[in-house]
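Only one chain is shown below, in structure tokens, and it's the form predicted alone.
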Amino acid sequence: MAINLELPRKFAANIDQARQAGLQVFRPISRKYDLAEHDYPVELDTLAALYDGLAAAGQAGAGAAGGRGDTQERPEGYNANGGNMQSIINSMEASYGDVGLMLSIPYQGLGNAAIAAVATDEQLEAFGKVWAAMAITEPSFGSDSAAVTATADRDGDEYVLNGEKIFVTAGSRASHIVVWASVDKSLGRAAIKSFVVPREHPGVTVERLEEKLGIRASDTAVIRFENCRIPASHLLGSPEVDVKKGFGGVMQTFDNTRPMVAAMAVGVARASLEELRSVLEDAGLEIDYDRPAADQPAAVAEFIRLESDWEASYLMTLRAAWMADNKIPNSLEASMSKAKAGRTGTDVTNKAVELAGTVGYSERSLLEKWARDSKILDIFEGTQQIQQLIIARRVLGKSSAELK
């Protein structure tokens, strides 16, 4: 029986909305905010209000954060395509316009995906409509999330947070921050929990904004937490420390956010491929899929290779989202999609600059910008090396202690 790889028709309207936002809202101001880092893209406020209305009507917006998937009881064998798939598709289309602006859409932060992944029903009611950034990385570590040194000490009905977080995307703009901290250092990684903290709250200080290579439209902050008191109810999920479960509970966040980042890479790579195709065709190089790549000009053969890698990244990302919607553990597939799409994104965008020559290296097109933007998508939410390590552990059945 043939496999149908077409997207469900019910997503057609969402795809069209996100694509129009990418092309008609993001693209025209893309260069403007790349050159004006730290200026807030005021054009996004109207877009955010529009998508908030669509979400209230049951349709997500261009950068909708990941959801819980289809929570209804379905017959065995039922194929669900729900919130996660919709978010992935929207992220692809919006990032096709501009990934930095996509990351700047109010109420669509990476922290929102974290809330959707592990929050209780009561917490979803309380925090489901906030704009949440996510604070994991610290000055002492990058991709090793188990090395968190920030602390959250219980004091009656409150937790007291202390620590410093760096590279917090939308950290100075979001209304809330999802902070990873340890509730008991003696219990190791199992004691790492995530907390929802209002940005404008006693003990929270935005120290500075980073100057970056790419995604300049999106601010990236250093935030310090000093004796920051928050209600105990702001701890996402269960407060119990399950040593047997280890780090698995809080890592559920990445099962949602890694396919989201993969989708961003897929969107940027597609934009570069389409622009490169136009450059090649203008130079008189026709891409002929009926002939072997080896029998065509070198630039065309390279384009076909890049396009096939892109196709693989696209399908792997959809698979990770589909598994989440169908309540199938997707930790392996989430890392596979992130690793493949992140690497493909940098390969495609950099090769596009190279093959386009002076047009690609200059600011006459957005190719050089997309090459700069794509690099972060192979780094944040876990670097290429971390993803390969996770994949190896899952495939070989090894623990983090057994395979480092």
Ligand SMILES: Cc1cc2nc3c(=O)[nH]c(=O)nc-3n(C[C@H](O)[C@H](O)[C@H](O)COP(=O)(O)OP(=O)(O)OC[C@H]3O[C@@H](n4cnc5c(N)ncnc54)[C@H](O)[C@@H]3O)c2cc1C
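Keep in mind it's a predicted model, so treat the numbers as computed, not measured. Quick note: we count residues from 1 along the sequence shown, nothing fancier.
Although not depicted, the form predicted together with this ligand is the subject of the following passage.
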{"query": "In the predicted bound form, the residue from L367, L44, I376, L355 that sits within 4.5 Å of this ligand by heavy atoms", "finding": "I376"}
{"query": "Contact residue in the predicted bound form, chosen from P106, P297, G142, G82 - any heavy atom within 4.5 Å of this ligand", "finding": "G142"}
{"query": "Partner proximity in the predicted bound form: N330 to this ligand, non-hydrogen atom cutoff 4.5 Å", "finding": "no"}
{"query": "This ligand contact at K212 in the predicted bound form, heavy atom, 4.5 Å", "finding": "yes"}
{"query": "In the predicted bound form, M260 touching this ligand (heavy atom, 4.5 Å)", "finding": "no"}
{"query": "Non-hydrogen atom contact I386 with this ligand in the predicted bound form at 4.5 angstroms", "finding": "yes"}
{"query": "Contact segment among 288-296, 84-92, 185-193, 168-176, judged by heavy atoms lying within 4.5 Å of this ligand in the predicted bound form", "finding": "168-176"}
{"query": "Heavy atom within 4.5 Å of this ligand in the predicted bound form - qualifying residues of 289-321", "finding": "none"}
